[in-house]
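The chain below stands alone, shown as structure tokens; this is the form predicted alone.
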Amino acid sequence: MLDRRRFIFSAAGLAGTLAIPNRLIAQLASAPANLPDPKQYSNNDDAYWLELRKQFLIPGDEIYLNNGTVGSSPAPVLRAIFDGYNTTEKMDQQDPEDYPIWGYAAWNEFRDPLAAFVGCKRDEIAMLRNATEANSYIANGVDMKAGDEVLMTDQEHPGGEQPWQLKAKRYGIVIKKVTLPKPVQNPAQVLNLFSDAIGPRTRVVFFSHITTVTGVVLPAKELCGLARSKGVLSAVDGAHVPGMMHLNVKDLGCDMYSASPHKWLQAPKGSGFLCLRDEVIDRLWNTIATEGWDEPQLRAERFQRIGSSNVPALWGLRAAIQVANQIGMDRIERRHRQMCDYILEEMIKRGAESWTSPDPSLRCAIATVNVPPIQRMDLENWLWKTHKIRIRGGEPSKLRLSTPYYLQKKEIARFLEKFDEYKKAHSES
């Protein structure tokens, strides 16, 4: 990787070539060259997280509470992306048959750190572009007949549910749903719902590790164990998990796992992965077919043979993993839980109905509350356009509040102040 001084000069040259605004280069150059010293965390953890905040391009007067949709890549990730372009676009690779297109090769220099980060073997992981793509591979790839069932929750993201809806419309499979309580009280409640719903035609259990609707952390390990005990495949949509909390897919015991590291790992947009238990790899058909699709010896690599794609995004993904490892996932997860618990407690004090589990083990960095009669879209627009506070939610009155590790308590306090202001004004009108 380029050192800081060489980065500034090379990026400045790249900016001139690609018409990248000089202010972006200036922002990257002004960000601290290194992450804060870990010793600072022991001495003053608030100061440590405040120093980490300087790695992000989010303006100082903006409060970002929507990592659940997409994260902001910090300076080390953006620098790595620029390094990737600076290296690959010269077209001076030593091998005359080597080109900067990752859709036709193993690219193990990127796959190895990713596999280590999520707890699987290199041959069990394929680098893709997002969880939606990976979920489509799963739904399209599993052999099922008309009348066979896939069991899922009523809180799946469209990128998880719709691939199965397509399969149902095309091949006549049946989609069966369990209705999750709002909030989920405990793991046993979820396990009982799934156990009761699995039937003789169930072939796949598909669920979100952390649901997009309420942010509840489902008991994934226990659900995968339940599926296996019934002879059913388990497929987990882990879009929210990498970078939010510790992940070890081997320990989960799932057959298939998809994710979008552009959320909580703060990786580049367009970086995702599909993890397949080795025993399942040969049971999955390819969705995209190019060279290598029918070569079993490639193992999971054959699923990342997707044609020309963006190599610098892989540079950024590797850098995002390095950032998370340097900070420490235990430290990150602890911070996520602390900030989430704080904002949830404060919203409950204000009369909000919690849709996030009262069990601390079933929540991490997303607090979801229902705040009728407030109309969430009106509140969302007012907060952003008037006060530069970004939230997300659902109709009519659901708020989904994400708490990334760099978020400060004073920023949460500012959101709460403006929420109170809005609520008071609209209760009086």
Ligand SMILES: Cc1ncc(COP(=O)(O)O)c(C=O)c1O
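Residue numbers run from 1 along the displayed sequence. From a predicted model like this one, the values you see are computed outputs, not experimental measurements.
The protein also exists as the form predicted in complex with the ligand; that form is not presented, and the subsequent description refers to it.
Only one segment in the set 296-304, 130-138, 274-282, 311-319 has residues whose heavy atoms sit within 4.5 Å of the ligand in the predicted bound form; it is 130-138. Contact check for G68: a heavy atom falls within 4.5 Å of the ligand in the predicted bound form.
The closest non-hydrogen atom of K176 lies beyond 4.5 Å of the ligand in the predicted bound form. Among residues of the shown chain, A239 is one whose heavy atoms approach the ligand to within 4.5 Å in the predicted bound form. Contact check for T153: no non-hydrogen atom falls within 4.5 Å of the ligand in the predicted bound form.
Screening R122, K221, H157, K250 for any heavy atom within 4.5 Å of the ligand in the predicted bound form leaves a single hit, H157. I210 is the sole member of I210, L265, C254, V205 with a non-hydrogen atom lying within 4.5 angstroms of the ligand in the predicted bound form.
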